[in-house]
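Take a look at this single chain in structure tokens; it is the form predicted alone.
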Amino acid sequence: MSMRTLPLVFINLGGEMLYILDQRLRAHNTSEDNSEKGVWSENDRKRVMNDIVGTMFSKAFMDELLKPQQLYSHRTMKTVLTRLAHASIMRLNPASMDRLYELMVMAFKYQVFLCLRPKDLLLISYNHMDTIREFVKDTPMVVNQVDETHRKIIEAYSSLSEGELQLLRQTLLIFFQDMHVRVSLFLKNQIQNPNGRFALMTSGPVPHGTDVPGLIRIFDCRGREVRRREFPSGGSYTSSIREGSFELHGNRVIRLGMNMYTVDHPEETHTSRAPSVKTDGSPNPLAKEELNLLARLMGSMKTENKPKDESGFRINLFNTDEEEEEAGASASAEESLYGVINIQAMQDEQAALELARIAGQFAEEKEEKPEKPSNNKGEELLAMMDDL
């Protein structure tokens, strides 16, 4: 298992989340200002994008995320991304968040499947970051945060060997292997089967630096080509045009990781579950590391800028409220089969400082044995994470 998978998962899933939220906010945008109660304005959309991206690429959190560590479970990733989505004035109920997470995972899974070579995972991530940068282009401070994270990603991953990148891709495939959610956009384009599995084509461009299959060249002992023999390759392959740019800015060439949602097609965010194997309800062995990440998030993702009298906007990823309620009831019935624990994080400054102190103790564990916290908050949160 690669120890460098988590940052790419977070950035790519976060990018897909922003694509979907942007599409839904634009679809509901019928007012130029806040004059119409309950209607999203363009200013609201920009504020949501700035708040989420600013939180997502905060320096302290990214520094922690870039440390070598194992990839977390789907449940923990969804908890983190839920927290991220609610870092703005927007609110999602559990049913909409479940659908949002399924869309994010299936989109990124498809992109990983279509990677012609492991190194293309970086180009997918850079496409996400390029589009995220475009979302917040009117806010220089947030753009600088994205640029700084992008530079750190380039520094951390550009030196990885082909073998290390292949291990990273394999870790991602293991992470995705039990997710077979049907997405209307994929079904409509016939790139997904009714059972939720992707239909991959045996045609198209070959990886950069490789030859089109179908030719065998035979050499003599001196290295001179003596004859050629052709064979059917089983597909229609073409040579790659050129290699994408791995710099901060440039043409990535591949389109994987770019925004595939539009305002004109809101049905593209529809999902339905395919029959799947029951998930394992055993305790998570990475409880301490997951608490470390959650503590960092809870300590840094504040809503101080939100006025007290501002209740926030609610966004629905379903066509109607009735459909959302029905999905929520169905999800509740399914989750009742497992042990589900709700963690309520306090937003006051004292709680944030306490959680940050606990996370710091975990980070310094290699140097010295941490002292027992005077407060039992950390122990309670760790116990909750052990039961997840």
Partner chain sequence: MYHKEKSIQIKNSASALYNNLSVLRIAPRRLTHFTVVHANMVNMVSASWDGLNYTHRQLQSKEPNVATSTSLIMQAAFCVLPSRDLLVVTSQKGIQMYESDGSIMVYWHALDTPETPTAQAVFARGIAAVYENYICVGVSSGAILVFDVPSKGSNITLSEVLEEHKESITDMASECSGSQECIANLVTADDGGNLCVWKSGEEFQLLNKIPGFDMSCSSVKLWKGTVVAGYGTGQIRLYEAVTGILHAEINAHARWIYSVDIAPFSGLLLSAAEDSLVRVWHMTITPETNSVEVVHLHNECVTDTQICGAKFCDGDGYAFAVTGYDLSEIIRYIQS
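Numbering follows the first chain given and starts at 1. Given the structure is predicted, the values throughout are model-derived calculations rather than measurements.
Keep in mind that the form predicted together with its partner chain is missing from the display, and what follows is about it.
Interface residue remark: Gln70 is counted as part of the site for its partner chain in the predicted bound form, having a heavy atom within 4.5 Å. In the predicted bound form, its partner chain lies within 4.5 Å of some heavy atom of Arg217.
Its partner chain in the predicted bound form comes within 4.5 Å of a heavy atom belonging to Val206. In the predicted bound form, no heavy atom of Met141 sits within 4.5 Å of its partner chain. Here is the short version: of Ser245, Thr131, Ser184, Asn193, the single residue with a heavy atom within 4.5 Å of its partner chain in the predicted bound form is Asn193. Here is the short version: of Gln177, Ser239, Ser159, Asn251, the single residue with a heavy atom within 4.5 Å of its partner chain in the predicted bound form is Gln177. The candidate stretches are 93-101, 147-155, 78-86, 225-233, and the one lying within 4.5 Å of its partner chain in the predicted bound form by heavy atoms is 225-233. With contact defined as any non-hydrogen atom lying within 4.5 angstroms of its partner chain in the predicted bound form, the contacting residues in 99-117 are Lys109, Phe113, Leu116, given in sequence order.
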